[in-house]
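First structure 1, then structure 2: two forms of the same chain, each alone, as structure tokens.
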Structure 1
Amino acid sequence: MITLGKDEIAKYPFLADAGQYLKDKGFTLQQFGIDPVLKIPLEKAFDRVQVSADGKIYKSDLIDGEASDIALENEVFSFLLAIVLLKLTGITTLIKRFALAEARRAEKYLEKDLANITDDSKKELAIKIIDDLFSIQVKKQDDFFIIPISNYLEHSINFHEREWKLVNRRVKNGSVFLTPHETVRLIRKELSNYISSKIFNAKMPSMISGFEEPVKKLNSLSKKFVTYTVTNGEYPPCIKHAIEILEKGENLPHSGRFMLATFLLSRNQSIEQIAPLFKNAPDYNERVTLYQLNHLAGTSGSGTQYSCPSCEKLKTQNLCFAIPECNNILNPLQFGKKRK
């Protein structure tokens, strides 16, 4: 367990034991609903959730991580109360957005602590948080932080920006070299998962007097999350290419057949509709094709339904033939879908 100072709890409130913290400070949740002074952190808590719902990061009162004791306490209270509000509202999307925004907020402090050259204890704490929470062993070398390639990959594969690809990184002797900023950016997703799982696993409180109003407001706030999508039905170029190859009677590699079949299955085509596409393949065998399609659809074998590979994977397999309309999609299934 990491021991935290006052200002550190304010920077990384998700590391605190919420119930214990309130008890130590001599408060109960009920007091926050009625006491006019304690209403301030409740308002702050609402603010914190609202800002995150808009995809922004809550600006805290901590300046360079330092502030008065009361400001520090309010900072922690508002985080804990935000969790109570989210639990009472019960909307997953709100929780996820909050967790992400809080992760990004903490990221700023972690980065600052990592880069701290005057106070080694701050740097060590940041390194310890990263190691304890996400099992990444960070070492300092000159101006860089180095981490084992395997650790790096486990986190970086969640990023779609090319700059995060290993090939675009400085790599030597089994390690990746990162700046403080990149080091903490690497764990954003995990940090937000960590925060959201803490919220999901927290005990469900019953409604507290004085909390009804903010909960109601958050409920109506989340209505705007609903969007509609339409599909124009056209196939992406990778799928068109695969169909062309098969129509010509040429050999489509196994990975290409997998892509085509899983794509069409996801577009709700039946096995009977898909099977004839493979008829021209040089090694066509009806029995094998039907068996394999059934397997992919999950109607036979282990029952797992296979999904269409991502664009990134298809690129690796030389099956991607991207055109401008492919911009910003991560999976062929998203091709031609527009948000309304």
Structure 2
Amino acid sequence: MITLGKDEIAKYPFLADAGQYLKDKGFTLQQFGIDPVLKIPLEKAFDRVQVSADGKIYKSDLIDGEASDIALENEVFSFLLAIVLLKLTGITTLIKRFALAEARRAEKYLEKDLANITDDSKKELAIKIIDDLFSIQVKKQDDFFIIPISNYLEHSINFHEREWKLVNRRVKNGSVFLTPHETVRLIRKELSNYISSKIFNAKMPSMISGFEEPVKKLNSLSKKFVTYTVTNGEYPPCIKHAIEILEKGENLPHSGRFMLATFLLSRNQSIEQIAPLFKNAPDYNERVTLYQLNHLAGTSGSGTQYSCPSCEKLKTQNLCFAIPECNNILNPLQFGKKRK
């Protein structure tokens, strides 16, 4: 059990029992819908969801990671009320985007606490959070943090970038050396999944008086997340699965996005046809998406067009969903073609 202080509850509200905190303060959800003063946290909750829907991170009331009594209430109340609003809308895309934004927000605080050279208690708590939630044994060594190779391989499998490959890491005595930033970046997906699962498992409330307007606005906001499906040709199960993940508004790992983009580019799909597929991704950013697609297509940067990963590579990344029709193909691009 992680014991949290006031600052930590504000920074990591998903670790605390926000509902119990609300009761301890003597408030009910109904009061936030009718009390003019308590409507302020409700407005902050709406902003918190709206900002996450735009792929941005909510700016808190904390000052240098420290929470005043008012800031603590605003942080915890707005987080709890954001969950209530998300449950009332029931829109998976908004929930996934919110969870990812909150994970990225928590990352910033975890990284700062890990790198704290004046307060060992903050560093130790950050290490305990990572260990308790994700079973990663983190230890401090000089200016780095080290984790067992087994932990690293388990959590880095979804990274396609060259610098995350074990061969490019500093390894000694069975441990991998990481910076504070790399340590917390390693768990972003798991942290996002942890937060979203808490939201999905929360009890479904009935509509609360005073909550109708923000729920209506969020329902309207969600309409911009249109489902786009590429339908020309028969696709292998790995590609179908990737498209389904995006259509549901869930987070497709970078390696999955790389696979999908390079596959479709090899099938002569244009960047304009491919880009909308990623619009439902929780962290969607149009400018970044177009830049990455142009880079993979070889129309920018080095001019090299990237190839679709092999089936063997996809298996190591947990992206293979082989069916009998795959017929032992070596690359998804061979799906549907007879092999001699």
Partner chain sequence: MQEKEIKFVEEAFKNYYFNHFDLIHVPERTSEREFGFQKFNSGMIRHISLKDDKELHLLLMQNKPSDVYCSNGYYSFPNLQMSEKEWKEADLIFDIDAKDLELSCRQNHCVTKCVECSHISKSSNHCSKCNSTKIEVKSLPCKNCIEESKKEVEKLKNILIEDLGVEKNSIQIYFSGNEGFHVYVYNSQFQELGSRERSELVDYLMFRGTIPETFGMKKLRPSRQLFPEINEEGWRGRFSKEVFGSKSKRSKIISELINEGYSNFQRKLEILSKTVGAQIDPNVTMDIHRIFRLPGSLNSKSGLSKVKCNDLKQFDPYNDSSFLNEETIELIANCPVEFKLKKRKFGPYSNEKITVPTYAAVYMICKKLAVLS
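Structure 1's sequence is the ruler for residue numbers, which start at 1. The structure presented is a predicted model; accordingly, all values stated were derived computationally and were not measured. Definition used throughout: the rigid core is the maximal C-alpha set that superposes within 1.5 Å between two forms.
S.K.: Which number, 1 or 2, marks the form predicted in complex with its partner chain?
M.R.: Only structure 1 fits here, because that chain is the form predicted in complex with its partner chain.
S.K.: At a 2 Å cut-off on C-alpha positions, does G90 qualify as shifted between structures 1 and 2 after fitting the rigid core?
M.R.: False for G90: its C-alpha shift is below 2 Å.
S.K.: Does C326 count as moved between structures 1 and 2, where moved means a C-alpha shift of 2 angstroms or more after fitting the rigid core?
M.R.: Comparing the forms between structures 1 and 2, which are aligned on their rigid core, C326 does shift its C-alpha by 2 Å or more.
S.K.: Is Q269 among the residues whose Cα moves by 2 Å or more between structures 1 and 2 after superposition of the rigid core?
M.R.: Yes; that C-alpha moves by at least 2 Å between structures 1 and 2.
S.K.: How many angstrom apart are the two C-alpha positions of G249 between structures 1 and 2, if you fit on the rigid core?
M.R.: Once the two forms are fitted on their core, the shift reads 43.5 Å.
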